[in-house]
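Have a look below at one chain only, the form predicted on its own, in structure tokens format.
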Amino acid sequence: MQTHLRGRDVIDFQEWTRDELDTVLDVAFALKRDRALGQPHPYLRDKVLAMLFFFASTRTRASFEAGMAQLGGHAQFIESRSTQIAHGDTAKEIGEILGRYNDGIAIRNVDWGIGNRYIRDVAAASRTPVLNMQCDLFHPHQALADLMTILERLGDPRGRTATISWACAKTYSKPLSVPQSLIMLLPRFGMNVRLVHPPEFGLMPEMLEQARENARLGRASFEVLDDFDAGIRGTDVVYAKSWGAVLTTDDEAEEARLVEKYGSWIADERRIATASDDAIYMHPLPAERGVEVTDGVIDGPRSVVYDQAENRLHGQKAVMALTMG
């Protein structure tokens, strides 16, 4: 149990040690138990978290707001387009000013090539911790909730296999942040990871190298496949979601053609049946039903998507309590 986390930023959990992550998990499960028992835990009484959104949100906003309220504090919703941020407030000014008004700053900015850099610029200027609610590169709090769910459902993850796969989706080009966070976090806990995607939908090479190193240190394996069926066969976790072809093209029409090319990449009952007997299906939501996943899978007995969504609350509360307390 680590007790020195007050004031720490959470931009990418790769920057946190395994001991520190274990502390977050311990606190998260304790807070989840307290919530189930109706035990109050106002560790952040009179604290205020500024939540700055450059991108729409459902679960992220709701879970951070509810979490701050349950911890005895207040979450301040700030939308970039309805403030002076849209008219010239710089990252330095946001860090300096919101860091003086508030006890923490949480930011969601997924603009490719901009989001992570913006969050780090705010953090450099802020006197209070900065929490990444999702950027173009990482989604640490989603990965934390996913790990919690795997631990709850499968127990000790060492030696288990998680398939992080691309799946078809047609509404918009989704960030690389979820798969990149997962392939780096899960091997640190001893999970074997299969990254599965069509050739045109790769992740950043430096993230792959870090995932391989994490797997080596975690005595696990990391492999990259381009066969959806092979990736799911025998796995313990089927985490199939869409992400954009941003490393291949910046042309929206070309990306749409690529998505159509791989329209058969859907998590369906036939594929899920080839996974291990106790395999679980995961997705961070919202999912494109009938495109990314069938109703029978996402609403079926293997699906843990609502457990993942709930664990966003508990994991984030642990992070806020430890860093903002």
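Sequential numbering from 1, following the sequence displayed. Predicted, not measured: the structure shown is a model, and the values here were computed from it.
A second form of this protein, the form predicted in complex with phosphoric acid mono(formamide)ester (CP), is not displayed here; the remarks below concern that form.
Visitor: Considering non-hydrogen atoms and a 4.5 Å limit, which listed residue (R35, R59, K47, R271) is close to phosphoric acid mono(formamide)ester (CP) in the predicted complex?
Guide: Contact with phosphoric acid mono(formamide)ester (CP) in the predicted complex is made by R59 alone.
Visitor: Can you tell me if R312 lies within 4.5 angstroms of phosphoric acid mono(formamide)ester (CP) in the predicted complex, counting non-hydrogen atoms only?
Guide: Contact with phosphoric acid mono(formamide)ester (CP), yes.
Visitor: Going by a heavy atom distance of 4.5 Å, is R194 a contact of phosphoric acid mono(formamide)ester (CP) in the predicted complex?
Guide: Outside the cut-off, so no.
Visitor: Indicate whether phosphoric acid mono(formamide)ester (CP) has at least one heavy atom within 4.5 Å of a heavy atom of L285 in the predicted complex.
Guide: Contact check for L285: yes, within 4.5 Å of phosphoric acid mono(formamide)ester (CP) in the predicted complex.
Visitor: Is there a heavy atom of T149 no more than 4.5 Å from a heavy atom of phosphoric acid mono(formamide)ester (CP) in the predicted complex?
Guide: Contact check for T149: no, nothing within 4.5 Å of phosphoric acid mono(formamide)ester (CP) in the predicted complex.
Visitor: Looking at heavy atoms inside 4.5 Å, which stretch does phosphoric acid mono(formamide)ester (CP) contact in the predicted complex, given the options 135-143, 93-101, 216-224, 184-192?
Guide: Going by heavy atoms within 4.5 Å, the stretch is 135-143.
Visitor: If you apply a 4.5 angstroms heavy atom cut-off, which residues in 103-124 are near phosphoric acid mono(formamide)ester (CP) in the predicted complex?
Guide: The one in contact is R108.
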